[in-house]
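Same protein, same chain, two forms; see structure 1 and structure 2 below, as structure tokens.
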Structure 1
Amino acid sequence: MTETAIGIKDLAFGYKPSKPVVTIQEFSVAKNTHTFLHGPSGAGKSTLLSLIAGILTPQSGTIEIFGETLSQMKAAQRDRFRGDHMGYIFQQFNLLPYLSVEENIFLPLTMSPAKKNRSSSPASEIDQLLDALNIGDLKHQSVGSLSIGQQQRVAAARSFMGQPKLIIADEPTSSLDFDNRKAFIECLFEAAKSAGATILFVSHDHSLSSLFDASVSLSEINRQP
């Protein structure tokens, strides 16, 4: 695996330019790998993910995703790029409570024509994902009746919908108990394998690092000048 999914060079970002939060000289994630990024709370993990997702723009430096440089894109292009090529899982509250499980999973296709095109048969794709994530029986349930673990799996299913090449997960297991964490990550890998997706997984919990191909400490790469 030599191709890079994410390549970061000389990155500097602060919510206020005078106060940098993320300063990374070099960081890369290889394609089709599962990378674990850990760091204490407040280290700037979520901020880095927002930069990679193209929602925040760095003050300096470049971020390349699958060979495309985000900083060269206009804001609208970055939004589209994210919609077309990425899936995102939050720590919690991933789902819209007024939509059903199925509608929530289907949501990315309504936003991205590229994802919609890739998904030749959305109905069977949803079924496959639900199977892979072990939640086949939840399809028609309302979001409000799901446990947090189930919600996170539905969120994972949604992130894979439309076959994006990069899945970004921001502490998706932090609100789960230990057994559930492991099971969740295994399901995530299972789904990633069949989709051929790269996973960047963020957590403050070191104990999970052994499950991943690579493990990076944000504190090590994030050096304040």
Structure 2
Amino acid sequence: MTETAIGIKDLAFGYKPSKPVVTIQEFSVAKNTHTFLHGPSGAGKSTLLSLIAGILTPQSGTIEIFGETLSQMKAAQRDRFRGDHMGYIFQQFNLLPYLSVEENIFLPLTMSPAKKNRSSSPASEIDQLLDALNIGDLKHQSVGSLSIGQQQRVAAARSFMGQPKLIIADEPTSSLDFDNRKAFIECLFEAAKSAGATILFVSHDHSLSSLFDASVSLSEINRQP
């Protein structure tokens, strides 16, 4: 029997309850798979990711992550659950410009004791991620001095620290050309394999879908009333 990493049922969310942005009857992502979720800008992709991560809470319906129902958790519990079990590559990266590349990547371990305990050698883990993403020579540089593409790869490395079981990626390759996008995704897959992680990758670029185990159109699952 296939285990489920993400399970959504009867979900409804709107920034104004009378105007839903996301209404999904059912959607699931199998554990240890790489799923590509696509849709045009403004379709609600980032909103759905924030719901899955527990940053937002739905007006109705349920979201389960590895069998845990996020809507039954208090805000602090959702934050802890996200910190312990998820890695998030934000569309705007959310890197701290006054820290070095190494310090930014190390941050998840300072926020989650569970991730820190899973990382037997943080320095080695950081070096391996940097080498896999071809940014090993940038380790001690300030992220403020990096190109957009380099910052994307730092954000990806940070998301894998502490072996999270779910990686959520929000348009992480938008500033890369096709060859670099493909190489970036292959690095993500390799890191996910090592960590035994599930990937939910969101993009408007449908040309990348063939690289993934499954491809889902948000417009097909997001049924607006």
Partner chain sequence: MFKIIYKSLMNRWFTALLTVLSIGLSVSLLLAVENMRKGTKEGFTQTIASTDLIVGAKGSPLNLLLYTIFHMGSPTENISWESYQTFANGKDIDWTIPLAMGDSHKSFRVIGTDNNLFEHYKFGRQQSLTMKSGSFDLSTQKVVLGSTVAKTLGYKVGDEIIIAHGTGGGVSFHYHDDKPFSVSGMMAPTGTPLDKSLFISLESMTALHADDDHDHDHGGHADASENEHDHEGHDHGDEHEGHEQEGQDHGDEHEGHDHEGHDHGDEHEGHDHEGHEHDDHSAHEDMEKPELAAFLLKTKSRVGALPLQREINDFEDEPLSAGIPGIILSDLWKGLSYVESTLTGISVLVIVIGLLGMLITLYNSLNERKREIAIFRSIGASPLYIFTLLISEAGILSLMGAVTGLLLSNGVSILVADYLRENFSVYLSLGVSITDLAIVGLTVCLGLLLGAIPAMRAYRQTLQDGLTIKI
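All values derive from a computational prediction rather than experimental measurement. Every residue number counts along structure 1's sequence, beginning with 1. In this text, rigid core is short for the largest set of C-alphas that superpose within 1.5 Å between two forms.
- The first of the two standalone chains is derived from the form predicted in complex with its partner chain.
- A movement of the C-alpha atom of Gln77 falling short of 2 angstroms is seen between the two structures when the two forms are aligned on their rigid core.
- When the core is overlaid, the C-alpha of Leu146 ends up 2.3 Å from its other position between the two structures.
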